[in-house]
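A lone chain, given as structure tokens: the form predicted alone.
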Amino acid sequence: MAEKKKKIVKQIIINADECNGCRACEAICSGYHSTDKFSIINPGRSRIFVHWDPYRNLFVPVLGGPQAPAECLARNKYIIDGKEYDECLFCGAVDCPSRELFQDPDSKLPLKCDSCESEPPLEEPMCVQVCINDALTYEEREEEVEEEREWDELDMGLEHLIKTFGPDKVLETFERLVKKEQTP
């Protein structure tokens, strides 16, 4: 049984009613997470995506969340202000087989929101800092939670590669690259 511990829970709160669709959050996120910070702005590499429904003029920011090992079977509908929405609109699952949202456009590796955790730590994630309408706010609170292993980007990337190419091909490639690095 997992042990319960006090932990600081950090959360980005999304208020879609306040979102005007400026997409500044997408731009700043992709720039912050580029190899050389802010060297490239490519919203396709962002860990936040602003979904726009042109028929309802609705903007919904969605954060890249946990992995989805398979396409979900739920096809629930949400009714908001008398309008019907498919639940995929609100889903932040990365690596979902039914869509390419939250996947790096080149490598197809999953892009999960990390709340801009860095050294030194930021007071607030970058997307929250640039949101002028307060559609994105940040909250830290202490909660008692069960301790569990968290997936980091390397775990997620390797799992994706194994699922895509198989464990033998990934291991073979890894061994080849290690040999290449060791050769002067």
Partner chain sequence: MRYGETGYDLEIDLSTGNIEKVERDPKLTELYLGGLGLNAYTMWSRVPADADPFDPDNLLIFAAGLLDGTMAHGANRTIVTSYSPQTKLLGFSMMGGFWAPELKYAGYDRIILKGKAPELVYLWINNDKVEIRDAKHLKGKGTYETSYLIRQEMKDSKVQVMAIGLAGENRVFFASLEHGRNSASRLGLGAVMGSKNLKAIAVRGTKDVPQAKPERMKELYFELLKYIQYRLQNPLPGIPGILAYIGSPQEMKLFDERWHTTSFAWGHARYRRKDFWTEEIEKKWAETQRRRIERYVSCYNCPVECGAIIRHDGLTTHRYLMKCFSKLTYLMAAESDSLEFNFDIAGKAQEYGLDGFTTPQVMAFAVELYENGILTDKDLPGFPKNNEERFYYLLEKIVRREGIGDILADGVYWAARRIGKGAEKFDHNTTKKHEQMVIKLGMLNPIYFLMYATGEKGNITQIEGQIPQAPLPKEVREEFVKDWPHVPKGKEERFKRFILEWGDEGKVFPFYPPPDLCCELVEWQEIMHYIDDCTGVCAGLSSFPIKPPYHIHNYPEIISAATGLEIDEDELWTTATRVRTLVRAINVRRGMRRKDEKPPEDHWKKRFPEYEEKLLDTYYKYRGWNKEGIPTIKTLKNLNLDYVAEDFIKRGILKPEEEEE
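Computed from a predicted structure; not experimentally measured. Positions refer to the first chain, counted from 1.
Below: the form predicted in complex with its partner chain, not depicted.
Peer 1: Here the chain is shown alone; which of 117, 53, 140, 143 has a heavy atom within 4.5 Å of its partner chain in the predicted bound form?
Peer 2: Only one option qualifies, and that one is 53.
Peer 1: Find out whether any non-hydrogen atom of residue 11 is located within 4.5 angstroms of its partner chain in the predicted bound form, and reply yes or no.
Peer 2: Residue 11: no, not in contact with its partner chain in the predicted bound form.
Peer 1: Tell me, yes or no, whether residue 28 is in contact with its partner chain in the predicted bound form, where a contact means a heavy atom of each within 4.5 Å.
Peer 2: Heavy-atom contact with its partner chain at 4.5 Å: present for residue 28.
Peer 1: With the partner left out of view, is residue 36 within 4.5 angstroms of its partner chain in the predicted bound form by any non-hydrogen atom?
Peer 2: Contact with its partner chain, yes.
Peer 1: Though only this chain appears here, would residue 63 touch its partner chain in the predicted bound form if you measure heavy atom gaps against 4.5 Å?
Peer 2: Answer no; every heavy atom of residue 63 is more than 4.5 Å from its partner chain in the predicted bound form.
Peer 1: Is it true that 109, 166 and 173 each have at least one non-hydrogen atom within 4.5 Å of its partner chain in the predicted bound form?
Peer 2: No: no residue has a heavy atom within 4.5 Å of the partner.
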